[in-house]
Ligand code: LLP
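Listed next as C-alpha coordinates is one chain, alone, in the form predicted on its own.
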(Lines give C-alpha, C1' and ligand atoms only; values in the text may rest on other atoms or scores of the structure.)
Protein backbone atom coordinates (compact mmCIF):
# COMPACT_ATOMS: atom_id res chain seq x y z
CA UNK A 1 0.00 0.00 0.00
CA UNK A 2 2.76 2.44 0.96
CA UNK A 3 4.52 2.46 -2.43
CA UNK A 4 1.18 2.77 -4.24
CA UNK A 5 0.21 5.78 -2.13
CA UNK A 6 3.57 7.43 -2.72
CA UNK A 7 3.25 6.96 -6.48
CA UNK A 8 -0.31 8.28 -6.58
CA UNK A 9 0.17 11.12 -4.11
CA UNK A 10 -1.49 14.24 -5.55
CA UNK A 11 0.42 17.38 -6.37
CA UNK A 12 0.90 19.85 -3.55
CA UNK A 13 -1.89 22.20 -4.66
CA UNK A 14 -5.48 21.75 -5.79
CA UNK A 15 -5.76 22.92 -9.40
CA UNK A 16 -7.88 25.85 -10.55
CA UNK A 17 -10.00 23.48 -12.64
CA UNK A 18 -10.76 21.25 -9.64
CA UNK A 19 -11.61 24.27 -7.49
CA UNK A 20 -13.78 25.71 -10.26
CA UNK A 21 -15.72 22.48 -10.70
CA UNK A 22 -16.38 22.34 -6.96
CA UNK A 23 -17.40 26.00 -6.84
CA UNK A 24 -19.90 25.53 -9.67
CA UNK A 25 -21.37 22.46 -7.98
CA UNK A 26 -21.76 24.36 -4.71
CA UNK A 27 -23.47 27.29 -6.45
CA UNK A 28 -25.79 25.04 -8.45
CA UNK A 29 -26.57 22.92 -5.38
CA UNK A 30 -27.57 25.92 -3.27
CA UNK A 31 -24.68 25.54 -0.82
CA UNK A 32 -23.68 29.16 -1.36
CA UNK A 33 -26.68 31.20 -0.32
CA UNK A 34 -27.25 34.92 -0.71
CA UNK A 35 -26.02 35.53 2.83
CA UNK A 36 -22.87 33.46 2.24
CA UNK A 37 -20.65 36.31 1.16
CA UNK A 38 -17.63 34.10 1.86
CA UNK A 39 -17.25 30.33 2.21
CA UNK A 40 -14.34 28.12 3.24
CA UNK A 41 -14.00 24.75 1.48
CA UNK A 42 -12.13 21.58 2.51
CA UNK A 43 -11.41 18.77 0.08
CA UNK A 44 -11.77 15.79 2.41
CA UNK A 45 -10.67 13.28 -0.24
CA UNK A 46 -7.46 15.21 -0.85
CA UNK A 47 -6.92 15.42 2.91
CA UNK A 48 -7.33 11.66 3.35
CA UNK A 49 -4.87 10.88 0.55
CA UNK A 50 -2.37 13.27 2.09
CA UNK A 51 -2.69 11.60 5.49
CA UNK A 52 -2.32 8.12 4.04
CA UNK A 53 0.82 9.29 2.26
CA UNK A 54 2.19 10.73 5.53
CA UNK A 55 1.52 7.45 7.31
CA UNK A 56 3.23 5.46 4.54
CA UNK A 57 6.46 7.43 4.99
CA UNK A 58 7.00 6.61 8.68
CA UNK A 59 7.10 3.48 10.86
CA UNK A 60 3.74 1.82 11.40
CA UNK A 61 3.73 2.56 15.13
CA UNK A 62 4.43 6.30 14.69
CA UNK A 63 1.78 8.57 16.21
CA UNK A 64 0.84 11.43 13.91
CA UNK A 65 -0.31 14.13 16.33
CA UNK A 66 -1.86 16.66 13.96
CA UNK A 67 -1.60 20.20 15.31
CA UNK A 68 -5.08 21.31 16.36
CA UNK A 69 -4.00 24.95 16.19
CA UNK A 70 -3.64 24.59 12.42
CA UNK A 71 -7.27 23.53 12.02
CA UNK A 72 -9.43 23.21 15.15
CA UNK A 73 -12.72 22.38 13.40
CA UNK A 74 -14.38 19.62 15.39
CA UNK A 75 -15.92 17.95 12.33
CA UNK A 76 -12.54 17.87 10.60
CA UNK A 77 -10.95 16.34 13.69
CA UNK A 78 -13.67 13.68 13.70
CA UNK A 79 -13.10 12.94 10.02
CA UNK A 80 -9.33 12.71 10.41
CA UNK A 81 -9.63 10.26 13.29
CA UNK A 82 -11.00 7.65 10.88
CA UNK A 83 -8.73 8.36 7.93
CA UNK A 84 -5.60 6.59 9.19
CA UNK A 85 -5.12 4.16 12.11
CA UNK A 86 -2.47 6.22 13.93
CA UNK A 87 -4.13 9.62 13.71
CA UNK A 88 -3.66 11.66 16.86
CA UNK A 89 -3.66 15.32 17.81
CA UNK A 90 -1.26 17.85 19.28
CA UNK A 91 -2.96 20.24 21.68
CA UNK A 92 -1.57 23.67 22.54
CA UNK A 93 -4.11 24.42 25.28
CA UNK A 94 -6.28 22.53 27.75
CA UNK A 95 -9.35 23.49 25.70
CA UNK A 96 -7.78 21.86 22.66
CA UNK A 97 -7.28 18.77 24.84
CA UNK A 98 -10.98 18.87 25.72
CA UNK A 99 -11.88 19.27 22.04
CA UNK A 100 -9.80 16.22 21.16
CA UNK A 101 -11.57 14.15 23.80
CA UNK A 102 -14.95 15.38 22.52
CA UNK A 103 -13.93 14.41 18.98
CA UNK A 104 -13.34 10.87 20.22
CA UNK A 105 -9.56 10.68 20.44
CA UNK A 106 -8.22 8.23 23.00
CA UNK A 107 -5.99 9.84 25.62
CA UNK A 108 -2.95 7.93 24.37
CA UNK A 109 -3.30 9.73 21.02
CA UNK A 110 -3.25 13.22 22.52
CA UNK A 111 0.00 15.19 22.89
CA UNK A 112 -0.22 18.23 25.21
CA UNK A 113 2.34 20.91 24.40
CA UNK A 114 1.22 24.22 25.93
CA UNK A 115 4.15 26.24 27.36
CA UNK A 116 1.97 27.59 30.20
CA UNK A 117 0.27 24.55 31.72
CA UNK A 118 -1.23 25.07 35.17
CA UNK A 119 -0.95 22.58 38.01
CA UNK A 120 -4.59 21.41 37.64
CA UNK A 121 -4.08 21.00 33.89
CA UNK A 122 -0.98 18.88 34.45
CA UNK A 123 -2.79 16.74 36.99
CA UNK A 124 -5.70 16.19 34.61
CA UNK A 125 -3.39 15.17 31.78
CA UNK A 126 -1.37 12.79 33.96
CA UNK A 127 -4.47 11.11 35.37
CA UNK A 128 -6.12 10.89 31.95
CA UNK A 129 -3.18 9.19 30.23
CA UNK A 130 -2.24 12.06 27.93
CA UNK A 131 1.36 12.51 26.78
CA UNK A 132 2.81 15.74 28.17
CA UNK A 133 5.76 17.58 26.69
CA UNK A 134 7.00 19.78 29.53
CA UNK A 135 8.31 23.14 28.33
CA UNK A 136 10.81 23.94 31.08
CA UNK A 137 12.51 22.64 34.21
CA UNK A 138 10.06 24.38 36.54
CA UNK A 139 7.19 22.55 34.88
CA UNK A 140 9.12 19.33 35.25
CA UNK A 141 9.37 20.10 38.97
CA UNK A 142 5.60 20.49 39.19
CA UNK A 143 5.14 17.12 37.50
CA UNK A 144 7.54 15.59 40.03
CA UNK A 145 5.46 17.04 42.87
CA UNK A 146 2.29 15.57 41.35
CA UNK A 147 3.99 12.24 40.91
CA UNK A 148 4.83 12.20 44.61
CA UNK A 149 1.41 13.46 45.70
CA UNK A 150 -0.75 11.10 43.63
CA UNK A 151 -2.26 8.33 45.71
CA UNK A 152 -0.77 5.43 43.77
CA UNK A 153 1.42 4.82 40.71
CA UNK A 154 -1.69 3.76 38.78
CA UNK A 155 -2.93 7.37 39.01
CA UNK A 156 0.11 8.48 37.01
CA UNK A 157 -0.90 7.12 33.59
CA UNK A 158 0.30 9.89 31.29
CA UNK A 159 3.78 9.78 29.79
CA UNK A 160 6.16 12.72 30.01
CA UNK A 161 8.71 14.24 27.67
CA UNK A 162 10.48 17.56 27.74
CA UNK A 163 10.88 20.13 24.98
CA UNK A 164 14.49 20.90 24.10
CA UNK A 165 15.62 23.76 21.90
CA UNK A 166 18.36 22.28 19.68
CA UNK A 167 19.65 25.79 18.87
CA UNK A 168 20.38 24.98 15.23
CA UNK A 169 19.35 28.36 13.82
CA UNK A 170 16.36 30.07 12.21
CA UNK A 171 14.70 29.91 8.81
CA UNK A 172 13.63 32.68 6.47
CA UNK A 173 10.56 33.65 8.54
CA UNK A 174 11.71 34.72 11.99
CA UNK A 175 8.22 34.61 13.56
CA UNK A 176 7.79 30.92 12.71
CA UNK A 177 11.32 29.84 13.69
CA UNK A 178 11.78 28.52 17.22
CA UNK A 179 15.27 26.96 17.32
CA UNK A 180 17.56 29.97 17.36
CA UNK A 181 19.94 30.91 20.13
CA UNK A 182 16.92 32.24 21.99
CA UNK A 183 13.41 30.86 21.89
CA UNK A 184 10.44 31.31 24.20
CA UNK A 185 9.93 27.54 23.89
CA UNK A 186 11.81 24.71 25.51
CA UNK A 187 15.20 24.44 27.18
CA UNK A 188 18.31 25.55 25.24
CA UNK A 189 20.53 22.50 25.04
CA UNK A 190 23.89 24.24 24.80
CA UNK A 191 23.26 26.45 27.83
CA UNK A 192 21.48 23.83 29.95
CA UNK A 193 22.98 20.52 28.84
CA UNK A 194 24.09 19.46 32.32
CA UNK A 195 20.72 20.34 33.88
CA UNK A 196 18.85 18.45 31.17
CA UNK A 197 21.04 15.40 31.64
CA UNK A 198 20.54 15.55 35.40
CA UNK A 199 16.76 15.70 34.97
CA UNK A 200 16.80 12.51 32.92
CA UNK A 201 19.00 10.81 35.52
CA UNK A 202 16.70 11.94 38.35
CA UNK A 203 13.23 11.10 37.06
CA UNK A 204 12.68 7.54 35.80
CA UNK A 205 9.27 8.55 34.44
CA UNK A 206 10.82 11.18 32.14
CA UNK A 207 10.93 9.02 29.02
CA UNK A 208 10.49 11.42 26.10
CA UNK A 209 12.11 14.29 24.24
CA UNK A 210 10.43 16.86 22.03
CA UNK A 211 11.71 19.41 19.56
CA UNK A 212 10.24 21.75 16.99
CA UNK A 213 12.56 23.79 14.79
CA UNK A 214 9.85 25.87 13.14
CA UNK A 215 7.42 25.69 10.28
CA UNK A 216 7.13 27.56 6.98
CA UNK A 217 10.49 29.00 5.99
CA UNK A 218 12.60 26.31 7.68
CA UNK A 219 14.45 24.11 5.16
CA UNK A 220 14.54 20.36 5.54
CA UNK A 221 18.24 20.43 6.44
CA UNK A 222 17.52 22.62 9.46
CA UNK A 223 14.83 20.22 10.68
CA UNK A 224 17.21 17.27 10.28
CA UNK A 225 19.96 19.10 12.16
CA UNK A 226 17.56 19.69 15.05
CA UNK A 227 16.63 16.02 15.20
CA UNK A 228 20.33 15.11 15.16
CA UNK A 229 21.14 17.26 18.19
CA UNK A 230 18.48 15.53 20.30
CA UNK A 231 19.31 12.11 18.87
CA UNK A 232 22.91 12.39 20.07
CA UNK A 233 21.72 13.66 23.44
CA UNK A 234 19.31 10.75 23.93
CA UNK A 235 21.91 8.14 22.94
CA UNK A 236 24.22 9.56 25.61
CA UNK A 237 21.49 9.81 28.26
CA UNK A 238 20.18 6.31 27.60
CA UNK A 239 23.62 4.80 28.15
CA UNK A 240 23.79 6.49 31.56
CA UNK A 241 20.20 5.54 32.43
CA UNK A 242 20.93 1.93 31.52
CA UNK A 243 23.87 1.86 33.91
CA UNK A 244 21.63 3.29 36.64
CA UNK A 245 18.93 0.68 36.04
CA UNK A 246 16.45 3.26 34.70
CA UNK A 247 14.14 2.68 31.71
CA UNK A 248 15.32 4.09 28.41
CA UNK A 249 14.07 7.34 26.91
CA UNK A 250 11.78 5.80 24.31
CA UNK A 251 9.50 8.60 23.01
CA UNK A 252 10.97 10.88 20.36
CA UNK A 253 8.73 13.73 19.19
CA UNK A 254 10.18 15.38 16.07
CA UNK A 255 7.51 18.09 15.90
CA UNK A 256 6.27 19.23 12.51
CA UNK A 257 7.49 21.99 10.28
CA UNK A 258 8.08 20.57 6.81
CA UNK A 259 7.15 23.48 4.51
CA UNK A 260 4.28 23.45 2.04
CA UNK A 261 4.03 25.25 -1.27
CA UNK A 262 1.66 28.17 -1.70
CA UNK A 263 2.65 28.36 -5.39
CA UNK A 264 1.38 25.71 -7.80
CA UNK A 265 4.57 25.86 -9.89
CA UNK A 266 6.91 25.47 -6.93
CA UNK A 267 7.15 21.88 -5.64
CA UNK A 268 7.48 21.60 -1.85
CA UNK A 269 10.05 19.44 -0.05
CA UNK A 270 9.10 15.78 -0.22
CA UNK A 271 7.79 14.11 2.92
CA UNK A 272 9.12 10.82 1.59
CA UNK A 273 12.61 12.32 1.23
CA UNK A 274 12.39 13.84 4.71
CA UNK A 275 11.48 10.50 6.29
CA UNK A 276 14.18 8.73 4.28
CA UNK A 277 16.82 11.16 5.55
CA UNK A 278 15.67 10.64 9.13
CA UNK A 279 15.84 6.86 8.72
CA UNK A 280 19.30 7.04 7.15
CA UNK A 281 20.91 9.54 9.51
CA UNK A 282 19.17 8.51 12.74
CA UNK A 283 18.23 4.84 12.19
CA UNK A 284 17.14 4.04 15.74
CA UNK A 285 14.19 6.40 15.31
CA UNK A 286 12.77 4.00 12.73
CA UNK A 287 13.43 1.00 14.96
CA UNK A 288 10.11 0.36 16.68
CA UNK A 289 11.86 -1.56 19.47
CA UNK A 290 13.95 1.50 20.33
CA UNK A 291 11.60 4.45 19.99
CA UNK A 292 7.99 5.47 19.63
CA UNK A 293 8.10 8.25 17.06
CA UNK A 294 5.66 11.19 17.25
CA UNK A 295 5.10 13.76 14.50
CA UNK A 296 3.18 17.02 14.84
CA UNK A 297 2.42 18.15 11.30
CA UNK A 298 -0.33 20.73 10.95
CA UNK A 299 0.38 23.12 8.10
CA UNK A 300 1.68 20.29 5.90
CA UNK A 301 -1.44 18.20 6.44
CA UNK A 302 -4.16 20.83 6.18
CA UNK A 303 -3.07 23.85 4.13
CA UNK A 304 -3.33 22.58 0.57
CA UNK A 305 -6.66 20.81 1.20
CA UNK A 306 -8.56 24.06 1.79
CA UNK A 307 -9.51 27.17 -0.16
CA UNK A 308 -11.62 30.23 0.49
CA UNK A 309 -14.01 32.05 -1.82
CA UNK A 310 -15.34 35.57 -1.33
CA UNK A 311 -17.95 37.44 -3.30
CA UNK A 312 -16.69 40.74 -4.68
CA UNK A 313 -18.91 43.44 -3.27
CA UNK A 314 -17.36 46.48 -4.96
CA UNK A 315 -14.54 47.31 -7.36
CA UNK A 316 -12.73 50.63 -7.15
CA UNK A 317 -10.78 51.94 -10.14
CA UNK A 318 -8.00 54.41 -9.36
CA UNK A 319 -5.01 55.55 -11.42
CA UNK A 320 -2.61 52.64 -11.70
CA UNK A 321 -4.54 50.26 -9.40
CA UNK A 322 -7.90 48.54 -8.99
CA UNK A 323 -9.24 47.49 -5.60
CA UNK A 324 -11.56 44.52 -5.20
CA UNK A 325 -13.47 44.79 -1.92
CA UNK A 326 -13.90 41.32 -0.42
CA UNK A 327 -15.74 39.84 2.55
CA UNK A 328 -12.58 38.36 4.08
CA UNK A 329 -9.40 40.13 5.05
CA UNK A 330 -7.30 40.36 8.18
CA UNK A 331 -10.10 38.61 10.09
CA UNK A 332 -9.17 35.38 8.27
CA UNK A 333 -5.71 36.22 6.92
CA UNK A 334 -3.93 37.88 9.82
CA UNK A 335 -0.40 36.92 8.81
CA UNK A 336 -0.96 37.71 5.16
CA UNK A 337 -2.12 41.25 5.92
CA UNK A 338 0.47 42.05 8.58
CA UNK A 339 3.44 40.31 6.95
CA UNK A 340 2.75 40.18 3.20
CA UNK A 341 6.40 39.65 2.29
CA UNK A 342 6.45 36.19 3.84
CA UNK A 343 2.83 35.04 3.52
CA UNK A 344 1.35 34.96 0.02
CA UNK A 345 -1.29 32.94 -1.81
CA UNK A 346 -2.41 32.36 -5.37
CA UNK A 347 -5.73 33.83 -6.51
CA UNK A 348 -8.34 32.96 -9.14
CA UNK A 349 -11.38 34.86 -10.38
CA UNK A 350 -14.75 33.30 -11.26
CA UNK A 351 -17.99 34.88 -12.43
CA UNK A 352 -21.19 34.68 -10.42
CA UNK A 353 -21.98 31.28 -11.96
CA UNK A 354 -18.60 29.75 -11.16
CA UNK A 355 -17.00 30.04 -14.60
CA UNK A 356 -13.30 30.83 -14.42
CA UNK A 357 -12.17 34.16 -15.85
CA UNK A 358 -9.01 34.35 -17.92
CA UNK A 359 -6.76 37.02 -19.33
CA UNK A 360 -5.35 39.99 -17.46
CA UNK A 361 -6.83 43.40 -16.75
CA UNK A 362 -4.93 46.51 -17.80
CA UNK A 363 -4.26 47.39 -14.16
CA UNK A 364 -3.31 45.14 -11.25
CA UNK A 365 -5.55 44.60 -8.23
CA UNK A 366 -5.37 45.09 -4.52
CA UNK A 367 -7.51 42.49 -2.71
CA UNK A 368 -8.92 44.40 0.25
CA UNK A 369 -10.91 43.11 3.20
CA UNK A 370 -13.87 44.53 5.12
CA UNK A 371 -12.10 45.63 8.31
CA UNK A 372 -11.63 49.22 9.42
CA UNK A 373 -7.87 49.65 9.22
CA UNK A 374 -5.65 50.42 6.25
CA UNK A 375 -3.56 47.27 6.59
CA UNK A 376 -6.56 45.07 5.79
CA UNK A 377 -5.28 44.14 2.33
CA UNK A 378 -4.62 40.47 1.58
CA UNK A 379 -2.50 41.12 -1.50
CA UNK A 380 -1.28 44.12 -3.47
CA UNK A 381 -0.59 44.69 -7.17
CA UNK A 382 -1.82 41.27 -8.26
CA UNK A 383 -2.27 40.78 -12.03
CA UNK A 384 -5.75 39.27 -12.44
CA UNK A 385 -8.54 39.04 -15.02
CA UNK A 386 -11.06 41.88 -15.00
CA UNK A 387 -13.08 41.69 -11.79
CA UNK A 388 -16.67 42.88 -11.57
CA UNK A 389 -19.17 43.21 -8.73
CA UNK A 390 -20.73 39.84 -7.96
CA UNK A 391 -17.71 37.85 -9.13
CA UNK A 392 -15.95 35.41 -6.83
CA UNK A 393 -12.30 35.58 -5.82
CA UNK A 394 -10.74 32.32 -4.66
CA UNK A 395 -7.79 32.39 -2.27
CA UNK A 396 -5.99 29.07 -2.66
CA UNK A 397 -4.30 26.92 0.01
CA UNK A 398 -6.12 28.20 3.09
CA UNK A 399 -6.73 24.94 4.97
CA UNK A 400 -4.31 25.68 7.81
CA UNK A 401 -3.57 28.68 10.04
CA UNK A 402 -6.35 30.81 8.60
CA UNK A 403 -9.72 30.17 10.24
CA UNK A 404 -7.93 29.05 13.41
CA UNK A 405 -6.51 32.59 13.69
CA UNK A 406 -9.85 34.35 13.16
CA UNK A 407 -10.02 37.92 14.50
CA UNK A 408 -13.12 39.33 16.16
CA UNK A 409 -12.27 42.90 15.15
CA UNK A 410 -15.36 44.67 13.69
CA UNK A 411 -17.54 41.72 14.79
CA UNK A 412 -17.66 40.03 11.40
CA UNK A 413 -19.57 36.74 11.22
CA UNK A 414 -17.47 33.66 10.63
CA UNK A 415 -18.34 32.14 7.24
CA UNK A 416 -20.00 28.88 6.36
CA UNK A 417 -17.46 26.05 6.06
CA UNK A 418 -18.09 23.19 3.65
CA UNK A 419 -16.38 19.85 3.30
CA UNK A 420 -16.66 17.82 0.13
CA UNK A 421 -15.67 14.47 -1.27
CA UNK A 422 -16.68 13.02 -4.63
CA UNK A 423 -19.06 15.95 -5.26
CA UNK A 424 -20.93 15.37 -2.00
CA UNK A 425 -21.03 18.38 0.32
CA UNK A 426 -21.48 18.60 4.05
CA UNK A 427 -21.61 21.58 6.36
CA UNK A 428 -18.60 21.42 8.67
CA UNK A 429 -19.53 24.65 10.44
CA UNK A 430 -22.44 26.97 9.80
CA UNK A 431 -22.15 30.68 9.24
CA UNK A 432 -22.43 32.58 12.49
CA UNK A 433 -25.63 34.44 13.23
CA UNK A 434 -25.77 37.95 14.71
CA UNK A 435 -27.07 36.31 17.88
CA UNK A 436 -23.94 34.13 18.05
CA UNK A 437 -21.77 37.22 17.95
CA UNK A 438 -23.83 39.06 20.52
CA UNK A 439 -23.46 36.07 22.82
CA UNK A 440 -19.70 36.14 22.35
CA UNK A 441 -19.47 39.79 23.37
CA UNK A 442 -22.00 39.55 26.19
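What you are looking at is a predicted structure, and each value in this text was computed from that prediction instead of being measured. Residue numbers count along the first chain shown, from 1.
What comes next is about the form predicted in complex with the named molecule, which does not appear here.
Partner contact region in the model of the complex: 251-259, out of 76-84, 251-259, 226-234, 194-202, criterion any non-hydrogen atom within 4.5 Å of the named molecule. Contact with the named molecule in the model of the complex, defined as a heavy atom within 4.5 Å, is made by all three of 113, 210 and 297. The closest non-hydrogen atom of residue 274 lies beyond 4.5 Å of the named molecule in the model of the complex. At the 4.5 Å threshold, heavy atoms of residue 291 stay clear of the named molecule in the model of the complex, well away from it. In the model of the complex, residue 405 approaches the named molecule with a heavy atom inside 4.5 Å. None of the heavy atoms of residue 412 is located within 4.5 Å of the named molecule in the model of the complex.
A heavy atom within 4.5 Å of the named molecule in the model of the complex is found for exactly one of 88, 369, 306, 214: 214. Put simply, of 416, 396, 69, 52 only one has a heavy atom within 4.5 Å of the named molecule in the model of the complex, and it is 69. Residues 335, 343 are the members of 315-351 with a non-hydrogen atom no more than 4.5 angstroms from the named molecule in the model of the complex.
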